[in-house]
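This document starts with two versions of one protein chain, written out as structure tokens and named structure 1 and structure 2.
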Structure 1
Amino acid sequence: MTSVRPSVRSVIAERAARELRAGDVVNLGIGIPALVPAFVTPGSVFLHSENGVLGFGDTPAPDAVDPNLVNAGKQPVTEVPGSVYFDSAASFGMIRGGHVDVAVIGALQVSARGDIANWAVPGKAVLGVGGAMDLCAGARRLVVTMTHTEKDGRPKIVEELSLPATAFGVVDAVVTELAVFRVVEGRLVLVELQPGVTLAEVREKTGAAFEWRDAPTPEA
């Protein structure tokens, strides 16, 4: 039987799901974060969306799609027992009031100090920051999911942001297809290599200095 290699996005989403703890209220951003429900045990966490739902599940089968039941990215989701609905104002009240335990969001850049840029690229059309600023300020933990580099190889983890900032010093963890970093007291710390990835590869593709807390896997 031929094995199917998981996509980069799925690798990131699966590892991000392991950052969640039982009982967490978790807000998922658009893009890679929206894949996280596929890797979460149903009922273990409470998924929250800015458009006004708490307690949703993975993408439904095509014949079970309810066009009125969507996440913040307008993608169809499923109900789970105990799901509740409310207006967007109440949803943002939950975020701003500190009632979201974890926000999992995408990013364009993350700095070594935990600054994040995720809403604008100068010279390109801008849709707006959406709920990102509220989530960065209100969530108790912020987990960033993104590819390690741009398509042209430029690193997304950098010493200083070169793109318009969303928030400063708010990132707790960064999950890429290569590694997992944490920001500890304003310092970037590599805590895990993804399977098959070497420390040398991470150093080459990361645009910021970082600490390595554990003994690295021996490299060839």
Structure 2
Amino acid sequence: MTSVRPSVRSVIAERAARELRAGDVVNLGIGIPALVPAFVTPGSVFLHSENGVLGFGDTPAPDAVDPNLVNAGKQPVTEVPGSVYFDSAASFGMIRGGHVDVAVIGALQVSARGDIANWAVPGKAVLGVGGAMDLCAGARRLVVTMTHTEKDGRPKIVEELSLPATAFGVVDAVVTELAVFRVVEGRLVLVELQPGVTLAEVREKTGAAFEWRDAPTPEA
């Protein structure tokens, strides 16, 4: 995901930022989700990081780095008025307990019914899961940010996951550089095309049937 052109990443992050509401408690994953704060009115949401902080600010200047204050990407961050610290067990209790309003997270695949795969690739040693399963299973709303296809053109939105699942039926919205989908009661619905993108292009690059909000009848 890191090799994607900055403009594509920004397009996705900017649109994902509009999924957030003022006052939301928001947990951001690494990669494209980490770009979301640039498109959010400062102070309008509370950032939560699973290593134990709620309400934090931007990356500090090098001479202001506090080595004991990092986010879940191990990046130094800053204290803001209202910041609060807690331990990992409490932090994941917040996530599992449904107290985090939105998680924005990257994915390798999303299925039409909202299953998500974002932690393991077959053939590689499976040695890291981190907080991915906790966030996917626990966040009240799950917004996935990802490029619409793999670099070789294979769709990432599919009927059935072919990669090991992270969680099942949990995705609420998928934001790509081409479109925005929602999963509504287990059905995939296209709700928005990114500027300049056609429905035909999205159909061609999506590996699952979807309904189109503005269409008179559901897609076959």
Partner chain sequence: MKVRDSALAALDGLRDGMTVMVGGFGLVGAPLTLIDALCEHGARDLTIVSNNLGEPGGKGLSRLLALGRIRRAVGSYFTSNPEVVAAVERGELEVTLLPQGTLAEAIRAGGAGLGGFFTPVGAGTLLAEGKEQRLIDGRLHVLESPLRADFSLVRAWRADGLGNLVYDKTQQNFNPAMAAAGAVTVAEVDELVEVGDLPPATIHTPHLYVKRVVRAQVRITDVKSVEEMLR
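We call the rigid core whatever largest set of C-alpha positions still superposes within 1.5 Å between the two forms. Here, a residue number simply tells you its place in the sequence of structure 1, counted from 1. Worth saying up front: this structure is predicted, and the values here are computed from it rather than measured.
Asker: Name the structure that is the form predicted in complex with the partner chain; the other one isn't.
Answerer: Of the two forms shown, it is structure 2 that corresponds to the form predicted in complex with the partner chain, while structure 1 does not.
Asker: Do you see a C-alpha shift of 2 Å or more at Val143 between structure 1 and structure 2, with the core held fixed?
Answerer: Not so; Val143 is displaced by less than 2 Å.
Asker: Using a superposition on the rigid core, decide whether the Cα position of Asn71 changes by 2 angstroms or more between structure 1 and structure 2.
Answerer: Asn71: C-alpha displaced by 2 Å or more between structure 1 and structure 2.
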